[in-house]
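Single chain ahead, by itself, as structure tokens, in the form predicted alone.
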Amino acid sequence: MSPQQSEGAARPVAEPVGAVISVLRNDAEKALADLFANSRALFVGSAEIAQRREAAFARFSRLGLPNRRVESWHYTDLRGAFKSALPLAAMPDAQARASVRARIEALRAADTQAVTRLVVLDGVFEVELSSSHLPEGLRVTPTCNALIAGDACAARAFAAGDLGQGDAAVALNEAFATGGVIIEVAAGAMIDHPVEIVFLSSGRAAHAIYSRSALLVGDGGVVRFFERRLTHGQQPIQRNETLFVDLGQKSIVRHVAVAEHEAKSAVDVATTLVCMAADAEFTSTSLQFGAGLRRRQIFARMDGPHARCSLRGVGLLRGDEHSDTTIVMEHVAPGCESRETFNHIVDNDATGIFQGKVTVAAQAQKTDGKMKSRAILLAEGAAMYNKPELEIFADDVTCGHGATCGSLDDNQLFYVQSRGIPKAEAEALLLEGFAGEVLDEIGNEQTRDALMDEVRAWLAQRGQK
């Protein structure tokens, strides 16, 4: 044997090494997998919808419940908040409807204008609690009915332009949702008075709610759309509800969203998916307050040129509340405009989060995008996390962002107090003005005044402590 042969014979032959990577699931993720497997008989819809559900849950299985290692969920650990997976909410019965009827009647009593109100109770559209008369040009279909009938609008609601496909909460909603309501505005229709959808939990037992709703606006349609999220009672609740808004060419949607929660153990993920055609205009203003952990996430895409999107919001936080607003704005067509303006007031040990990401595709020249987040921290333990991002692939754009955190201005506070106004009242006036900077942009005076009354009530409760 030659020296070369001897050396070669002595050298060990490396065997290919196969690495087996297993995903460690927590108890909640295991329970969700079992729940999905055992609930297939309850899922209605066409073969296409069934395939979408399976694909969505497969995505969720790969991703798992979001935690701090997921960049877009870095400040909201949903995996940690889900100690267990709660059972699906039961179909509302007469007792459930009776338990929330007073809340609905209180909303009606407070109306200062005619309102078409649609109630989604425990994820199910409730005809009995909703307005019986619909204005001309408006069509309403329970999501469940549309799925059973194989209606094309149900397929649109679940496809949602493939927005948010990389998000685990969106995947979980697509897998489980059977209820909700689909609202269609006919092309060219101008709906005179507001259309309101109330997402309400009966709170009669610990449960999970998954619903998929949609607002589909035809070309040239105009509508004022009010979204209200309420939690009734103190039972543990896990809510994951999605609203898809599809705007046709030259359509206009004026959207207002109010989220108020009572249950401290509530975990609420509300997702809004927005697709905009050419020359469409979407304006959304939100007011969020109340107990629990909540995340409002918006995935918006401007598919047509010269679309305009304005997102504004006010967050009122105290105690140990946790409120996360996360926005992904996609400019894929030229000449579009986006604005994002959010103000937070954070007290005690509460935590506020604002994450805004604007992406501009290479073909989206002449984009105009601006993003701003401001927060007033009222206590040492209060926290606010701001994370603005710009991802730009076009070279002819105007984009910018800014974020500030601070306390009340001592000079302003001294000036107000020097007029003989007590300190607590002076603080309330300045904070009211801070929130009003955002809410004053609402065009409808009655809606604007109603939201400012909510702010004043929150500030009055703070002043009593």
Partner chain sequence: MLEIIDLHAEIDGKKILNGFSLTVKDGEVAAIMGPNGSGKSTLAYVVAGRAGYEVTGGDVRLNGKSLLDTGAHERAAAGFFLAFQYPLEIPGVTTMTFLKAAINAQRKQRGEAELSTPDFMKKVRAAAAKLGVRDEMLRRALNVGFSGGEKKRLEILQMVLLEPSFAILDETDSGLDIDALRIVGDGVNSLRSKDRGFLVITHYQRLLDHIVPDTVHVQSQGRIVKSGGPELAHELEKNGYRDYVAAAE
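Numbering follows the first chain given and starts at 1. The model shown is predicted, which means the values in this text are computed figures rather than measured ones.
What follows is about the form predicted together with its partner chain, which we do not show.
Per the 4.5 Å heavy atom criterion, its partner chain in the model of the complex is contacted by stretch 426 to 434, the sole one of 58 to 66, 394 to 402, 426 to 434, 28 to 36. Its partner chain is not shown here, but in the model of the complex it comes within 4.5 Å of a heavy atom of S418.
Its partner chain is not drawn, but in the model of the complex it has a heavy atom within 4.5 Å of Q412. Within 4.5 Å of any heavy atom of its partner chain in the model of the complex lies no heavy atom of G406.
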